[in-house]
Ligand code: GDD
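Coming up is one lone chain in structure tokens, specifically the form predicted alone.
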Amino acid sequence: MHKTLIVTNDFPPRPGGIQAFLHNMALRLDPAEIVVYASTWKRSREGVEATARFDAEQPFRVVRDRTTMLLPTPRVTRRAASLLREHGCSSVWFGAAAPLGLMAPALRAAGARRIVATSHGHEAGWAQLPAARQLLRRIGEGTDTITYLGEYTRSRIASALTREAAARMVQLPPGVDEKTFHPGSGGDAVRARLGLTDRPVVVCVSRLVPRKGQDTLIRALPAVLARVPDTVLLIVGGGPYAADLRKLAEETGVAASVRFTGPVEWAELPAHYGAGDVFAMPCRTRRGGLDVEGLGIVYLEASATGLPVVAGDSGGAPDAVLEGETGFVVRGESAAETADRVATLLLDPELRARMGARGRAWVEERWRWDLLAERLKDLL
């Protein structure tokens, strides 16, 4: 039996896109052939109980470290090597290349014959910092391949690697469960519950952090309302930027046209996408390129739900949009561009339907989890 040790900080019940990526991939591997070594989400009683419930429900073995953040320390490296030997694993998958990929040589010495490290957006940021570039180079030399989300992240990460390691990079983006995200996902019920049945709805599903661009949507809303008066902006998700966004909506005079749902359970997300007529998240790159969108799986989930999308131009976000076919890409900091594209879509039902249908077809052709899981199996 060929067994794989997955080493990661990014695993549910900790929320987030990377966590969902790894979990969906793990569920599509043979459960008898994987062991997950992950950090603890929260040390609070509620966090411990939620983690225990989640782990018990999984079809594979999950081993939790006592720390809330795995780092390539000697202790963590010894534990990973011990798990590798104990479970007879011959391959390792690092859920995020940086920094855990620095353990690769030690795990190779412990018996790993194949080592794969997945990169996301933050490794592209590492590639711009001299000290972090050197660590990325070491990770590239110690692993068999570093995967990348799209061309933006590939080009930046490759610049920090040796030529040989860069040539071994393979694309492995997250996928979309097209059976979960689909046009009949229950959006009408969400609209009815929120009192939005007869109103045009722009929906944004994401963590509330500055990079995602919910503030740009709020600043764009007056211009949208001037063209489409009954429009509502539905902001789905929680995060540290929530209070700032509520204050901005008040200051901009559009608070009555903005709905904040707060955090939403995973099972309810498809219906919240479906509550929109247009999906918009004008993400932007921040901190001189260190805070960047790796891909933007939310655009693909929206496309699978049959919505046209308006995406920001941060990092790899444009890779998740076929410009002019499944939606539009705008400058993430531009409220004027965002307003124009959103209003154009709200005013043209035929364009919305055409882009939504093309987006759904594109997800089925290229972004299904089962297709991408097969790619991972080959890499391992």
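The numbering used is simple: start at 1 and walk along the sequence shown. Bear in mind that the values here come from a model prediction, so they are computed numbers and not experimental data.
Just so it is clear, the following notes concern the form predicted in complex with this ligand, a form of the same protein that is not shown.
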Is there a heavy atom of V205 lying 4.5 Å or less from a heavy atom of this ligand in the model of the complex?
yes
In the model of the complex, G237 touching this ligand (heavy atom, 4.5 Å):
yes
Answer for A20 alone: is it within 4.5 Å of this ligand in the model of the complex, judged on heavy atom distances?
yes
Do M103 and this ligand come within 4.5 Å of each other in the model of the complex, heavy atoms counted?
no
Is every one of G16, K212 and L269 in contact with this ligand in the model of the complex, taking contact as a heavy atom within 4.5 Å?
yes
Partner contact check in the model of the complex: of 67-75, 191-199, 117-125, 242-250, the stretch with a heavy atom within 4.5 Å of this ligand is 117-125
Find the only residue in I297, A223, A81, V170 having a heavy atom within 4.5 Å of this ligand in the model of the complex.
I297
Under a 4.5 angstroms heavy atom criterion, identify the one residue in G187, G140, P174, G306 near this ligand in the model of the complex.
P174
